[in-house]
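Only one chain is included here, represented as structure tokens and corresponding to the form predicted alone.
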Amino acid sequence: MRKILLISTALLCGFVLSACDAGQYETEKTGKMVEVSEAKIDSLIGLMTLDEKIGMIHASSSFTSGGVPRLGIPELVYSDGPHGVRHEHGRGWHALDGYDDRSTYLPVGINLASTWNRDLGYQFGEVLGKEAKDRSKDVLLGPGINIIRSPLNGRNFEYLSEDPFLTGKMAVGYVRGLQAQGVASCPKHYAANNQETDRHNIDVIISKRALHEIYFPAFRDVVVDGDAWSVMGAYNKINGQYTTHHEYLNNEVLKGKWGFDGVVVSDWASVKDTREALIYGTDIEMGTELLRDFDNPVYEEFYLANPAKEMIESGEIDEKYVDDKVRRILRLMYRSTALSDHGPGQRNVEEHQQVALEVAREGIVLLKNDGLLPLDKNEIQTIAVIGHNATRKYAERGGSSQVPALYEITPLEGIRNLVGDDVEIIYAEGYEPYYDESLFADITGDAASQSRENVREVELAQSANQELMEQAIEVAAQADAVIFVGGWIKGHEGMPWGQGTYDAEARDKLNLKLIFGQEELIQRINAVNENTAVVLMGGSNVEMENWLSDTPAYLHAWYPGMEGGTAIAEILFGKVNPSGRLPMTFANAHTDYPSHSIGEFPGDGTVDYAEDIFVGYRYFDTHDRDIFFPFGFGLSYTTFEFSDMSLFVHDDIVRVQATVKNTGDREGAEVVQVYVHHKNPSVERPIRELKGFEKVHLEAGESTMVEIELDDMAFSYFHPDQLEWVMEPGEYQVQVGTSSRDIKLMADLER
């Protein structure tokens, strides 16, 4: 626990201890408003030497950036990650051994988004803030809010949705909950970082309309509505310039139009040019490609270290640019607990584990149920649990988002804990992660150096273990019911860096085919046991056309965190009524998605976002393409009825009202989704766009009136020629439904 160092200068004592009215930020640490004095920040900057200023704008270790000991300014301490505080690194580039860094492992981002529950977003961030504070962290690197453009992105599990509105609204709660604990959020990766393949080099070719309508809105929401204190840049270029020091992204949009007065932190090694970083908005450089030796880094070699100092001393760059960066850093320090006692945090407490469980419960999505679920443990004597993912743990896998979890309940453990001695559970692995390494022995290096032709040879190396398959089929044939737990695998092991059949940082998947013989295994299980429920893990969908029709029930569980096994079992056996809804469209093959059929993925040096604004359901619904499960879809064990839709307009706000009734025989939750359709636009627009949602929990027979407000932005688009937001007069239709393809009510209005 750090305290600010006392110095003798009266001015600085006043700076540290007094309050001013320049800006106020409430934190739970004191229960009072934390006030930021811009005048005193400027006074402190005036006391600094150039060397001291430069020391604050680049890393001082793997997860700290520099302070000024002479003036009592500490280093800033960072930590991944988006769904749990990462391993302790100390000052080096490797996790410390023997350190007490066990943390709460929350469900991943896409699971959080699947809850469609803003309150859970806040609670999620609150847990992270308390645990980060307990470990004396100042900045937590999250949430991940990049748009799911392609289902193949290896980091989709960290992100939230294909839809910018859902992404932004869920992320705002996360940011507010985190920062209420005095820990700065750092939403990432700004912007259009939608693939991992060649992520350090690719140049995204994209229209400003697509940026503003699809890839910017969530960042705008966390800045304008969430008041995020920092934002992380991305690795890729956009239209020829690296995003971390991009003049349009940082200076014109983020710090200009949105009024962001916080800190732009580079992704680790995303700064590529000293001059651009100085003048185009990068405030802190973390990590660098200039590290010759990761075990003995020379931080003075960073782009924003000695090279920046030389440019300023030569007069090439005005020192005012550095002053602005330092001012922003000090502002963040005042807003957070960085300049004071962090105060007591909490870690691995029961309340945090309960939040992890509740997010898993509400985020797991029931996609198909032909009457098999919920299972009744009183009517079943034997259950075969089959699949490698039934016993695999995921907390410490997948890249920078790994978490040193205190514990992790697997699906098999969750099922056994729930049924106890009432049901005999027989487990069979069924398949195992296996590759014939000889088929890709010549493939070396990271993703940036691989040709896609060589990479695709890896598909041939995915092998089914026939012995395990036969054992599983024998077990399935003897059981009263089968629970198959499969899907993707989160981690890097088993394949060269950058190759993909796993969900992981720095790699993308090759396709959506079920790996290691799972498709054949599911087909054979269905053939011998008609009571089979399929549970799939993963950050995306899989190809379904060859097994879904014969499968009675399908539950998509994402990566549901440390209590995930408990939540899966509770839903399968009806202790919890599923209420998750898809935050992305589930088509069959990756080639069905517009990022592949119209645009490019992963591209070759450049990536053409030719699909423009038609991402996800905006494309599938507008062009009436075949899919398996639409955006917003999810089943329940009860039924709901919608009625009595009304629109009221007052002071440019449209209030949408509708009544929702639980018409089933048990409690449950429904997500009321509001979409807007412009009937006669002068430019091409999607057939509908999500502009509001509310999750309501209702007892059997209970009804409630839901009201959702739509402002002018709900009806506006970014004009491709005027390059500004426009609300075009005309006739609009407001639609209320339970998915983008299940509209229950609609009403027209003139705007």
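Please read all numbers here as calculations on a predicted model, not as lab measurements. So that there is no doubt, residue numbering starts at 1 and follows the sequence shown.
One more form of this protein should be noted, the form predicted together with a small molecule, which is absent from this view; the next part is about it.
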**Request:** Could you check which residue among 400, 551, 410, 346 gets a heavy atom within 4.5 Å of the small molecule in the predicted bound form?
**Result:** 400
**Message:** Give me the residue from 480, 505, 227, 324 that has a heavy atom within 4.5 Å of the small molecule in the predicted bound form.
**Reply:** 505
**Request:** Would you check, heavy atoms only and a 4.5 Å threshold, whether residue 83 touches the small molecule in the predicted bound form?
**Result:** no
**Message:** Would you classify residue 615 as touching the small molecule in the predicted bound form, given a 4.5 Å non-hydrogen atom cut-off?
**Reply:** no
**Prompt:** Does residue 715 reach the small molecule in the predicted bound form, with heavy atoms at most 4.5 Å apart?
**Reply:** no
**Prompt:** Does residue 232 make contact with the small molecule in the predicted bound form, using a 4.5 Å heavy atom cut-off?
**Reply:** yes
**Complete:** Partner contact check in the predicted bound form: of 668-676, 554-562, 186-194, 274-282, the stretch with a heavy atom within 4.5 Å of the small molecule is 186-194
**Item:** Non-hydrogen atom within 4.5 Å of the small molecule in the predicted bound form for each of 149, 216 and 601
**Value:** no
